[in-house]
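Presented as structure tokens, the chain that follows is alone, the form predicted alone.
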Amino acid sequence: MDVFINAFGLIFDPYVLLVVILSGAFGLFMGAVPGLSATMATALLVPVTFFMEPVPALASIVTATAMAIFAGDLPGALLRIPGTPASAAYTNEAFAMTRKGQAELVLGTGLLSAVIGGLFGAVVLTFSAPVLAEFAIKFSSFEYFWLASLGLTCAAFVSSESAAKGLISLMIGLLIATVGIDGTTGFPRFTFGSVELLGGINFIPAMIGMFAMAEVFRSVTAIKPPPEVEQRTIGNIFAGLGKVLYRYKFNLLRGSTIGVLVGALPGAGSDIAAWIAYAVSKKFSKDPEKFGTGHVEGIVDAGSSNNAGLGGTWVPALVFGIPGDSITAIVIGVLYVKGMNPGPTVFLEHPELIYAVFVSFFLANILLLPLGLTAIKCAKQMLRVPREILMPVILMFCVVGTFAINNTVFGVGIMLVLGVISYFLEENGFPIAPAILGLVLGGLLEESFMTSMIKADGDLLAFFERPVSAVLGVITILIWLSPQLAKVWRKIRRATPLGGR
């Protein structure tokens, strides 16, 4: 209890509170601009943290990332351009709601779901960090292979009605993920002699191209203007939210739990958690046919999963020094600079600083409510800008955001090429979500499979020898076989006489 009291004293210092508020505003801006992700916000904050004490330094990173993850929903809902990778899972759903005149509902739901999910993640981080980290550290390449396979299986649920087109889109994403040096053999693949392609296709330019540039191309090539958003202003975003969240209260809990569990797995992060939460929401929904047409249920699951995943990613980072995602990889460097070597001993040597980080998670997610509301009120101005002006501005932000990643024009070229490919795919009825998911998980799938095969000397049964791996494998295979099993079950029921045994 004394440790918590000391932690509260460290966080509620006027200087620390000022740093938190300024970091929150910075995170909202970085998340709302396509290409300027939460990871980039963290990276840009690092030089500033060198001049701070440990508590304000870490609190600024926690606040900026929490704000940026939510802010990525704003351009996704209003313009169909995800601000961050974590928002890509449900961008189409959110934009469909906005076109139906439900911008207030989707933004309000996203905000409150993010706050609730973030607070849930903070509670789990505070009280269950050692337990979750101990579970996550047991994951080997076998478990990661099945986790990646399970994530790719989600493409079947987030794609269109045509499973064949969804599968083709997924394969395109996996193909793009293979570009670069083979991690096992060290041999370059599909680089065509280009030095820039040796490092593979960066996800951020790909995401911006496949969503934002495709939308720009669609607007430019449209014979008639695209359908405008019915609602040109945004009023009270909290109207009717109580009814929605009460109806989907179990979805809030489920999405938050998925976010924490997936976030606690090293290398997984909020991005994968959002895809899985959205897919699970559609799979178990009473109205799966409404998904993709502007249905709020998926927003509740994935929105809460996003911010809950942030708390989960800090678990292995603090307890074992293993980054949960790219953000906590940067955080670990900051911890070392501040003399707080991450690991079990940090809870003994600097307990008040670690618990101050926990308190900052609660504070950041509570501040997300007023700051997020302010950001929504500012973002609504995007709906009033004519598309003839808006699209060139979006194009400028896309180019600047893509260039800023590695300070090379090559990334801009990747964005344009994938934007053209995405445009033609969507024009012919191919969904983009599976391609994005294949790009996200392709590297993890290949690396974990090749590592596992080397360990097992080519024995495929090794994927079922470890308990957790076997459970994940059985679940994944059952999902693959579920359409056939459902057909067999329906035949059995039709063949069974009424009242028969």
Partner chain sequence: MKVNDAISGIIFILFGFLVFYLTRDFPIMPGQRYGAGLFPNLIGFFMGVGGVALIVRGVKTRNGAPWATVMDWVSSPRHLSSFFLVIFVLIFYILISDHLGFIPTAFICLFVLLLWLRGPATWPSSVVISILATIVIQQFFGEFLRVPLPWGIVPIFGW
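Only a predicted model underlies this, so the values are computations on that prediction, with no experimental measurement involved. Residue numbers count along the first chain shown, from 1.
Beyond what is shown, the protein has a form predicted in complex with its partner chain; the following relates to that form.
S.K.: Considering only heavy atoms, tell me if V260 and its partner chain come within 4.5 Å of each other in the predicted complex.
M.R.: Result no; V260 lies far from its partner chain in the predicted complex.
S.K.: Is F430 near its partner chain? Define near as a heavy atom within 4.5 Å, in the predicted complex.
M.R.: Yes, F430 lies within 4.5 Å of its partner chain in the predicted complex.
S.K.: Quick one: does V33 come within 4.5 Å of its partner chain in the predicted complex, counting heavy atoms only?
M.R.: V33: contacts its partner chain in the predicted complex.
S.K.: Can you check whether E446 is within 4.5 Å of its partner chain in the predicted complex, heavy atom basis?
M.R.: Judged by the heavy-atom cut-off of 4.5 Å, E446 is in contact with its partner chain in the predicted complex.
S.K.: Each of I5, E53 and L369 having a non-hydrogen atom within 4.5 Å of its partner chain in the predicted complex: is that the case here?
M.R.: No, none of the three is in contact.
S.K.: Among V244, L373, L416, V123, which has at least one heavy atom within 4.5 Å of its partner chain in the predicted complex?
M.R.: It is L416 that has a heavy atom within 4.5 Å of the partner.
S.K.: Can you pick the stretch from 77-85, 108-116, 285-293, 208-216 whose heavy atoms fall within 4.5 Å of its partner chain in the predicted complex?
M.R.: Selected range: 208-216.
S.K.: What are the residues of 165-179, in order along the chain, with a heavy atom within 4.5 Å of its partner chain in the predicted complex?
M.R.: K165, L167, I168, M171, I172, L174, L175, T178 sit within 4.5 Å of the partner.
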